[in-house]
Each structure stands twice: as C-alpha cells, then as structure tokens.
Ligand SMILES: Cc1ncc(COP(=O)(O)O)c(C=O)c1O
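Here you get one chain, nothing else, as structure tokens; it is the form predicted alone.
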C-alpha cells in the first residue's frame, strides 16, 4: 500500500474504513466475552458525543484546555467517592490500567526507591507489573497463589525483603475474577515499610455495588498506598481512561516527569504520553455523571444476574468455575471435557472465545449486552459439548488478547507472540 497520488472520494474512503471491520469482533451482537465494555446504545451515544466534542483538545496542555483539567479532576474525585469515600487521595488521569501500573511503579521508585529494585506480586497479577519492571530497570518476584487462586498473604509477606519496592495485588485478578486478601497483605507490607498497589482496573467501579461483597480494597485499607481503576471498563467510558490514586502527594510527585532545561520551555507531565486527545476524559466524565450511584448499581445487578444464568447453564454441561468468582469475571473448565475443542467449536459458530491455561478454561467477562444472548450461547455450548470438533494443536496455548485460533506456525511461545505482533504491522492490502 502506498499513499494515493490523488486523494480518494469521501464515499470510497468510508467504504474502505467500513470494509476493514469485516473480520473484527462482532461485539455489538454480544458474540464476544472480552475487550469491549458498554452500557447500552443510548448511554454510548451520549458518551461518544461528549468525547467527539473534545477529540481535538490536547491533554498535553491543561493551560490551553482547562476543560480537560476539569474533566480529569472531577472524574478522579467521583471514582474516589466510590472506592474510598472517606479517604483523601491524590490522583492522575491515565490512558488505562497498564499506564496506571507503570506510573505507580515509577512513583515508588522515584519517591521511595532508596535502592529497592524488586516488585513482589502474586502469579495472577496483571503482566503490566512485569512490563513496568522491564521499562524501569527493576525486577519482579512472583509468588504462587493459594487453592482459591487468591494471593497467599503468608507467602507474599515472606517474599518481602530489603530490596522490595512495592507489593502489587488485584481486585479482582483478571484470570479468575477473585479479589486478593488486600487487608492482611497491606498490613504485612506496612510493617516492612513497603507500599501496596491495588490493581482494581476491572473491579473498582463494580465490586462496591455487588451485594454481599463488602470488602474494602482502596486507600481506606491501612497499608494500601495506591489504587488504579479503569473508566473504560465497568465505568462505561471511552477507551483510554483510568484513574490512578495515591495516598500521598509525595507518591503522586514521584510519578511526574519534570524538565526545566529544554529550550522549548519547561515541561511538566503526569502521564507517559505527551499529546493525547481529550476524548477519553470527556467521555468518562459524561459516563459517570449520567449513571450516578443508582445507574452503576443497576448495571451491576443486571450483570450479576446474567453471570448467574451463565454459570448455572455451563454447570449443567459440566463446565464449572475454576474458583468461585467475586464478580462477573471468571474462568470455567472441566477435567473430563476438552475445553480447547469446545472453544474451537464455539468459534466456528461465530463466538469470540478467550481461552486460558493452568488449567485449560474458557474465560468470560460478562457485560450488559450479554443478557440478550446468554440463552443462545448456552444452546450453542450444549451442541458443541455434545459433538466437539477435533482438537487443534495450533490452539494448544492460551494468550491474553490473542485469539486462540491464531496459528503463528512457531513452536516457541515467545517467538509465536513476536510473530503475532509483527503481523499487526506487516499486513499487505
């Protein structure tokens, strides 16, 4: 593909844009169980309209666009009022959970490092902790989880050494949808003078509204020193929105990048990115204002009801949660059923299925749109379980964000993932 000599007509441009989506996940039809969170067409129309109004506003300069500073600060305060309502926090608006974790780790390194070089995390923690370690010249110490797939407080406490910079835990972890025991882990870390970051990207705006959950995980838990919550997940904002909240200004200042020596002028940046659209901040602001506490609670109750229907229906087929989830994210498997063959059969029927390993399991993130299709999914699942397709060795490994039917032809898993990423950019028209 080369740049056209003459610009194409508008209709042709739009045709090509639409054509490119032909193989995309059909999430609007409810056929996928990950990646896109939404709260219905009316809500998304409002959020997209708000985002479009500020799409060209540049988050690089809040001086030029004070509207974005207003949106970001208001969003941070609204999120804090849900996650730790009686506790002061000092926040940064980021583009997502990975950037939030990266900035949190940078904050600990720069504000409290003092030669500490190791991040301690349970094996179920998001790989963004490892990514942060790689980018920032640190190391990770990974600790096994208990039988419920939650972090083991005793094992994590034993892993804290003089070189420990921060401990990372999840609310919930993404693979199994269970919340780590935040309070005892934070208490053990505090005794050693080590901070705790809670990755609540998925659960931060969901768990507080789950009937019977009632376990604090924010800055109101003694020893917790930072928390991250995504707005583009169960906050139903536009992609590229996350709240990172610190217990102290000292930590928030550690996340900043400041330069006063550049000929172009002083630079003060709270985020990894420089120029960024105001679209996500405006969308997150509009979403939270529109939903309010009552709207968030109603969506959580609806989604938990759908989750119950899905879990019961799969259970009737012999496919059960690997561990009882705390919310609407879970993995389900069966020792006597070839789960990867089931996933392949469901994919052949049009479903986008995420599969993970250890153990082999189907992975689900239940959302608003699934209420309308859960019975259809269970009907297809029953048919596939009764007559599964042959197992494909090309689908032997699960991959987060990589569809299991992707066959790279590489035997080494690392080389396979490199090949997958290369394919994003080395396409031919």
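All values derive from a computational prediction rather than experimental measurement. Positions refer to the first chain, counted from 1.
Separately, the form predicted in complex with this ligand exists; it is not shown, and the next lines address it.
- Shown alone, this chain has one stretch from 341-349, 308-316, 134-142, 167-175 that lies within 4.5 Å of this ligand in the predicted complex by heavy atoms: 167-175.
- For the options 356, 323, 98, 271, the one in contact with this ligand in the predicted complex, meaning a heavy atom within 4.5 Å, is 98.
- Though this ligand is absent from this view, in the predicted complex it lies within 4.5 Å of a heavy atom of just one residue from 126, 112, 276, 252, which is 126.
- Using a 4.5 Å cutoff between non-hydrogen atoms, residue 230 counts as a contact of this ligand in the predicted complex.
- Contact annotation: residue 327 falls outside 4.5 Å of this ligand in the predicted complex, judged by heavy atom distances.
- Residue contact check for residue 286: none of its heavy atoms lie within 4.5 Å of this ligand in the predicted complex.
- Contact between residue 202 and this ligand in the predicted complex is found at the 4.5 Å heavy atom cutoff.
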